[in-house]
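There is one chain below, alone, in structure tokens, taken in the form predicted alone.
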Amino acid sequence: MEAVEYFEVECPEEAGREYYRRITEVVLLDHNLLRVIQKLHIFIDPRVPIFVATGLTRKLPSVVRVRDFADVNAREGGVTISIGDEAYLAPLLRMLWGKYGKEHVNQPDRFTVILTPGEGDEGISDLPVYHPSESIYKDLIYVLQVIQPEGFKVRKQYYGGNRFYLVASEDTLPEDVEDLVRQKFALMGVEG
């Protein structure tokens, strides 16, 4: 995994370590997350049983705002939003419906959205439509759940800032799980 700055799988069994290293590489490649992860440390001890994955993401893309993919023009009787990139049309419509109500949002074609009555274009260009970090962290946690051993249903997970972790076990999680997570972050050179 050349794109990841730090990647380590820690397991008391050599065969298990290599097996989970290959699984992790394949799953991250399949889900196109190598470009997102800066550091990743996975600890597996089948004797306990416990699975701990800690990681850091690279700088994530910023929030996508209306101005990033559309032009906003105030006209008499409404505001016309001309869509330049359809990728954000669905989240744009959900956001506009929530803010102005469905009765004030008209979509005559796939590249045009009209707000009526005219709300004015003040601030519409700056409205956030999509937060890439939210979906990326959800994807990361999902991928870690795919990588974790089968039957590990008791989980604790966290994502925020540029950190994420997932701890899983067949049984109850150890009481010192936070200390274990801190230890694995420390192995990557991350304090706290």
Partner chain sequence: MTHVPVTYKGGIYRHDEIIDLIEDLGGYIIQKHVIAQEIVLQALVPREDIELIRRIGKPLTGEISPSPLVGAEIAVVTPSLEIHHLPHASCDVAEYIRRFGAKTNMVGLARGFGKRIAQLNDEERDVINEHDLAVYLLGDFEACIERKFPVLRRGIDVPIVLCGGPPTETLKKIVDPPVDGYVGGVGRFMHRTKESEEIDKLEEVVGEVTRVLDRHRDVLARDPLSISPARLMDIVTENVEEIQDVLSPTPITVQMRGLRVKLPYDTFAPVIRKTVVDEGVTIGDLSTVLPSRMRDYILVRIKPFSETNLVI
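Numbering follows the first chain given and starts at 1. Keep in mind that this is a model prediction, so the values were computed, not measured.
One more form of this protein exists, namely the form predicted in complex with its partner chain; it is left out here, but the text below deals with it.
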TODO: Considering its partner chain in the predicted complex, find the one stretch among 62 to 70, 32 to 40, 148 to 156, 131 to 139 with heavy atoms no farther than 4.5 Å from it.
DONE: 148 to 156
Open item on the list: Is it the case that Cys11, even though its partner is missing from this view, gets within 4.5 Å of its partner chain in the predicted complex, heavy atoms only?
Closed with: yes
Task: 4.5 Å heavy atom contact, Gly161 to its partner chain in the predicted complex - done: no
- [ ] Examine Gly16 and determine whether its closest non-hydrogen atom to its partner chain in the predicted complex is within 4.5 angstroms.
- [x] yes
Open item on the list: Check Asp171 for me: does it contact its partner chain in the predicted complex (non-hydrogen atoms, 4.5 angstroms)?
Closed with: yes
